[in-house]
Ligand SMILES: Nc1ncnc2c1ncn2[C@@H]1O[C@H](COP(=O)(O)OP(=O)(O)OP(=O)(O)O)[C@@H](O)[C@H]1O
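Taking the form predicted on its own, here's one chain by itself in structure tokens.
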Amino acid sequence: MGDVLAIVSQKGGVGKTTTAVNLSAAFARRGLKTLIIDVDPQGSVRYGVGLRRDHQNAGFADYLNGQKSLREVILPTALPWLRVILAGSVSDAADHATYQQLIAETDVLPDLLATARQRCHVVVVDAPPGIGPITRKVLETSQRVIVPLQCEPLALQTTPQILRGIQDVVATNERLTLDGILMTMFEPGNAASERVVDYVRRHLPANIVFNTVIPRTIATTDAFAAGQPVVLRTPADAASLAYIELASQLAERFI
């Protein structure tokens, strides 16, 4: 039985989806049967996971409301061991209230994750920013969680909020483990970026902060624009190597 790995953050734009996509691809490259599920209404996974350009946009929201079967929303990618469930039609909707309500009030998401665990080594879930009802439902059903932290001061200030939210969920889901805080978008030579890394290293327990730091690279931006994980498009890039290294560390915990 596999583990559900939630990728959560307090704010958007910190590398959450990039982390979810590239860890999933790195796991699959190692031969781990991997499923990435996008439950963030923004639906950004579809832009970077390596789907064909003519793929359908149906996804989790359409399975949630009963319009599509599970078989119809699980899509192949360029990697044989990687499948994806997109966010679906909710990403094109202006109002997400019904979507949030269905997730919060039904067991569709927990049941889906339980089924996926039976078939996969790892199930990566890209949750929406914040600790709202969707993210809380994800955490209540997950075994592991990673918190990306962009190397800039504002992201640092919001991190305690998501950590408190995770701690609250642990009270009801004792199986949930914080694998670590992952510092992202690091810019060597940028004083503010380096101060954030230094602050995190000095003030947070070493066992909850990954040694691996994800640098900001042009290749990462280009890969997302091309609709591919950077670990596949430019495997020798510094960010790719960091994600591959992190995936190797995590894989040892999964198997």
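Keep in mind that what you see is a predicted model, and the values were worked out from it rather than measured. From 1 onward, residues are counted along the sequence shown.
The next section is about a form of this same protein that is not shown, the form predicted together with the ligand.
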property: One stretch from 212-220, 46-54, 24-32, 66-74 that, in the predicted bound form, holds residues within 4.5 Å of the ligand by heavy atom; result: 212-220
property: is_contact(Pro129, the ligand) in the predicted bound form, heavy atom dist at most 4.5 Å; result: yes
property: In the predicted bound form, Gly12 touching the ligand (heavy atom, 4.5 Å); result: yes
property: Partner proximity in the predicted bound form: Met185 to the ligand, non-hydrogen atom cutoff 4.5 Å; result: yes
property: Interface membership of Asn190, the ligand in the predicted bound form, 4.5 Å heavy atom rule; result: no
property: Sequence-ordered list of residues in 32-46 near the ligand in the predicted bound form, where near means a heavy atom within 4.5 Å; result: Asp40, Gln42
